[in-house]
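One chain follows as structure tokens, the form predicted on its own.
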């Protein structure tokens, strides 16, 4: 169910941003609205900011021209959806209007077409109910501004097929989004805790617990943000917060009732006054209340199976740009303190804000939440392994935690025995380097232990018996490039940047950069890159042999999968033997290398795969290799 053509219905701020995101990802996009004038305004919303970027030298004119060439204005709804693989509605938040549109889309769009809603307030199931394709209706909740904000909630309704959800998720990733999967629940994941966080700030003000400037300051410090809840409401519109909180209240009960002060502010039709002194003594109380709301609801989300720990935290760090997600914050604060802050609210609200059992269990065991930074997916019946570095909020920077998580994932890869492995990064970076604040704290002994850990894990990648492909989707700097060099085949996005900048930090590469890089590109070029701390673009990397191919960003993963599948179709023992012969043989003299090759191929004549491969050739059929 590959999605190639996308239609966005609604050319306002959100719809035009969604259209831009998909056009940037290489999709053919049709933009629709109620009139040609409305569509033209939507296209202008896309064009003007990008033309400014071109004028400032931040975007090549050719990239803008290519993006605009993929956008088609079409005010006629029937024509707009005629060839769409995916239709996304981005009209205003009115359930009746959305249901009428979905019923119309169901009658106009081809049977194959997925229908998606960008709603943040309503159930996906309520929109699917008015169609005859409930299995092909999903939620795609973009965050404002949709062209820039990397978060996308992919919402699976009760009737949504897994194939439809997977196709929507894949399309979102291809459009450059960091996708999180959620169930069809009130507020989905992020709004479920973010909107009450804003509402609790208003309650604190209602109660006279602290002044508005104090609440703002406490929120900024506690959550590592640049705008507090009241300034955020001023920017996005105070009525929007009231609408969102009112929707949650209808669905979830008393704790979610909008604060009186929030209602009054909307009635005044005015922004919040942010001026005034900050009472530092009251900031801890405010921070504890705001954290308690977020911690409690985040645990509820996981207990209700609306969202995973990992995706809940990613929603906060990517979508809201918080310094850390709820579970990472609880780990830093300690489970017992987190429990105390949630309990204070639970004691006050009772069943309306129930105590999460999982948090109580973690506090009793003094146990941290497990938040993996590296993920593993087995594809094609286990023949392929996809390993993803998943710290997009930190550009997937390496630290001890990431290396230990990668080590654990590699152990599972070794057990699974795939025929090929692909490593890539979530978001706009492969791995942007090491976590500098962590490295800064090392002394000589700490540095020695850290580099030993890194080299052990990277050696484990290099030692995998099957080929390892690196899908370098963005920055691969420092330890990121060193990790990539442990692979067999390196493919880079056209936008990738590769380099070893360590000498600019007063150190030099320590995860094999001074050893693997010369072996790949030659000693002269390697010294130029290392000594000057040079960063090269994808085209230069290809020219000097640093990477084996350069691919358009939206086609990178498809290319790597195609290569991996071609490898996986061959005899795995033969491929493993060829890898060993090349890796070990090239580290010796020619005569020794030839002996290694000779012995390896001789041993393959004792395998069943040799018999199968040769029999299949003689019988003119496709071989079915078993790795035996």
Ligand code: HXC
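Keep in mind that this is a model prediction, so the values were computed, not measured. Numbering follows the first chain given and starts at 1.
The following text describes the form predicted in complex with this ligand, which does not appear among the structures shown.
In the model of the complex, none of the heavy atoms of residue 139 sits within 4.5 Å of a heavy atom of this ligand. Shown alone here, residue 552 lies farther than 4.5 Å from this ligand in the model of the complex, counting heavy atoms only. In the model of the complex, this ligand stays beyond 4.5 Å of every heavy atom belonging to residue 261. For residue 327, no non-hydrogen atom is located within 4.5 Å of this ligand in the model of the complex, even though that partner is not displayed.
Stretch 506 to 514 is the answer when you ask which of 250 to 258, 114 to 122, 148 to 156, 506 to 514 has residues with heavy atoms within 4.5 Å of this ligand in the model of the complex. A heavy atom within 4.5 Å of this ligand in the model of the complex is found for one listed residue only; from 319, 433, 425, 292, this is 433. Think of it this way: in the model of the complex, this ligand has a heavy atom of just one of 387, 466, 477, 222 within 4.5 Å, and the residue is 477. Here the marked residues 89, 162 and 170 all miss this ligand in the model of the complex; none has a heavy atom within 4.5 angstroms. Heavy atoms closer than or equal to 4.5 Å to this ligand in the model of the complex belong, across 386 to 402, to the residues 393, 394, 395, 397, ordered by sequence position.
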